[in-house]
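Next up: just one chain, as structure tokens, the form predicted alone.
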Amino acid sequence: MERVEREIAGTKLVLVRGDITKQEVEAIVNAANPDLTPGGGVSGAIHRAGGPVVTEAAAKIRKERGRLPTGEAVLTPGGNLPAQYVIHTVGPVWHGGNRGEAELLAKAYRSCLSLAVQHGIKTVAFPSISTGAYGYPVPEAARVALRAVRDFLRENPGKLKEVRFVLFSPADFAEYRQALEELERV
């Protein structure tokens, strides 16, 4: 299995190729749509694997709060997943990069990590948010994601034990590995 590990401010940062629904961490992140309904890609897979507990909890949040704004995050139980929780966040739709997409994507990652810390969650696994149906180019998304996570970990040393990026395809894994290597040089 392809895997890269680094340590940042007392937290293990891991890149791994795999299926996010099979990760044995306290929380996995769902790249959700604003309605928190099961969609395609990662969101559909998480809702299917988690079962009705995840879908019903998300529907309850939607009913209480309305649509989830881009960059914000909410927490539901993990249902049938190995993870105890699912953190749902909405990433930005790619419109060419000139509509604040990078800031919104970074906010989505920070919101998830803040929610994890707030709930005492120590291990979190992320997919590549916004790079599927929302069209964010993976090389750019990887740089934004890794920078946002690194900065959060430096600002909150020791608050998390592990932050994992779970990349489904070899190409996505390679892009994240390259982005991590570039980030380490600056």
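No experiment lies behind these values; they were computed from the predicted model shown. Quick note: we count residues from 1 along the sequence shown, nothing fancier.
The form predicted together with a small molecule exists for this protein as well; it is not shown, and the discussion that follows is about that form.
Heavy atoms within 4.5 Å of the small molecule in the predicted bound form map, among the stretches 145 to 153, 131 to 139, 65 to 73, 51 to 59, onto 131 to 139 alone. Heavy atoms of E175 never reach within 4.5 Å of the small molecule in the predicted bound form, leaving it off the interface. In the predicted bound form, the small molecule sits within 4.5 Å of a heavy atom belonging to V166. The small molecule is not drawn, but in the predicted bound form it has a heavy atom within 4.5 Å of A31. The shortest heavy atom separation between G10 and the small molecule in the predicted bound form exceeds 4.5 Å.
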